[in-house]
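First, one chain by itself: the form predicted alone, in structure tokens.
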């Protein structure tokens, strides 16, 4: 069959697929517009702009927005029937092309699935669609005097399904109430062939909740979730202290984190560069620790007093109240704000164990001292045992030497982190080659499960089990980049 006949056959198949989908999903929510497809193919990292935009075979043909579980199930079934690759996404607030197509096909946008189905105040449970924004869920729970136990700092835009897909180990509430794994009771799950299954903590099927959490959607789509919630507290207060040395800052951070009677709802540590780039004004010291306490007034007051006493022993200087109010008000945007200062923000996210934070920071300092790019450091507490560290590099898009030089530095830090038994926090498409190299046993387990559930490899391909990039090619690129950057 010649090329023209193949293209004609593909176009007929695309048209038939579109018509059949529009029989159960309203046509305004079935789009083949190339501009909408491009706008829906990226995430916050913008990496798809550099890696995928100009590779036509990666471009999706449709963006489709199902409105409920039944429509999602039928859509997945139709994609399976036509062997159409599927990319699942919601708000796209993740990174590293976590929601970027890699084989063309259909982008399934879950944001129309945004309803709360049941709020059970007696049993402290909420059932809702997985595409609901955390902001909307928070507002609906507020009417019942309830709140999520944990949620991401990007809650204003991000959706529940994204926090499930990317592990939900760090955010607001995790230190006090537990991570997503602790609060997720069950999900309604749509498999690649369109079949639907309810998976709970005691399910005995092919998939467990542990398999789904942090899986980046490679096994199918989370359609609905059942979450444990907590009562809305009557008192909330943020504290902040600045320190002259990282040693003092991390000791204070660790003191607050390990307190059993004064658990923060939120806890972070940042350097002066992050404060400068994330806010219009900033204090003058080198390191800053912020904590939010939320409880009854007496417990909150005790926690604030504990923090004040602990900071005084380490020469901590209290951050002014007006700045704290700005900090908490902008918490959902604080990491995005760093991008205001450059044309090309480069970053990497790490999961670093509590006992290795100092070693990680020393290695980071050693690497950045050799390269003169603008950088920033931000650490957010997970549950006891680990933390998310986000490193930023601020680059000029016209300076390709600097761009790849920064990425080469991050590559060295990433390898060192894995060699010390820690991992990357966010994977997506771009970071999967690290996962395959350093977690071969886990990758093999996921691949076997993927082959069983998705033998056609249609759903969220090239994540966790198969990489687009070869390790040796990336290594060679960064080796060259470091040498070019040093001579610039």
Ligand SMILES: Cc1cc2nc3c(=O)[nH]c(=O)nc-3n(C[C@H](O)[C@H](O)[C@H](O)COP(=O)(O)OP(=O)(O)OC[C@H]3O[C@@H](n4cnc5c(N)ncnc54)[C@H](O)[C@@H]3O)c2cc1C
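Values in this document were obtained by computation on a predicted structure and should not be read as measured data. Numbering follows the first chain given and starts at 1.
The form predicted together with this ligand exists for this protein as well; it is not shown, and the discussion that follows is about that form.
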Note to self: Is it the case in the predicted complex that 89, 153 and 335 each bring at least one heavy atom within 4.5 Å of this ligand?
What the structure shows: yes
Checklist line | Proximity to this ligand in the predicted complex, single hit among 249, 409, 110, 79 (heavy atom within 4.5 Å) | finding: 110
Notebook entry, point to check: Which of 98, 391, 106, 184 has a heavy atom within 4.5 Å of this ligand in the predicted complex?
Noted result: 98
Check: Might residue 221 be said to contact this ligand in the predicted complex, defining contact as any heavy atom within 4.5 Å?
Finding: yes
Check: For residue 63, is any heavy atom within 4.5 Å of this ligand in the predicted complex, or not?
Finding: no
Check: Taking heavy atoms only, is residue 425 within 4.5 angstroms of this ligand in the predicted complex?
Finding: yes
Next item on the list: Report whether the minimum heavy atom distance between residue 348 and this ligand in the predicted complex is within 4.5 Å.
Entry: no
Margin query: Counting any heavy atom within 4.5 Å as contact, can you tell me which stretch out of 202-210, 230-238, 136-144, 335-343 lines this ligand in the predicted complex?
Written below: 335-343
Note to self: Could you pull out the residues of 158-195 that have any heavy atom within 4.5 Å of this ligand in the predicted complex?
What the structure shows: 158, 159, 161, 162, 163, 165, 166, 170, 171
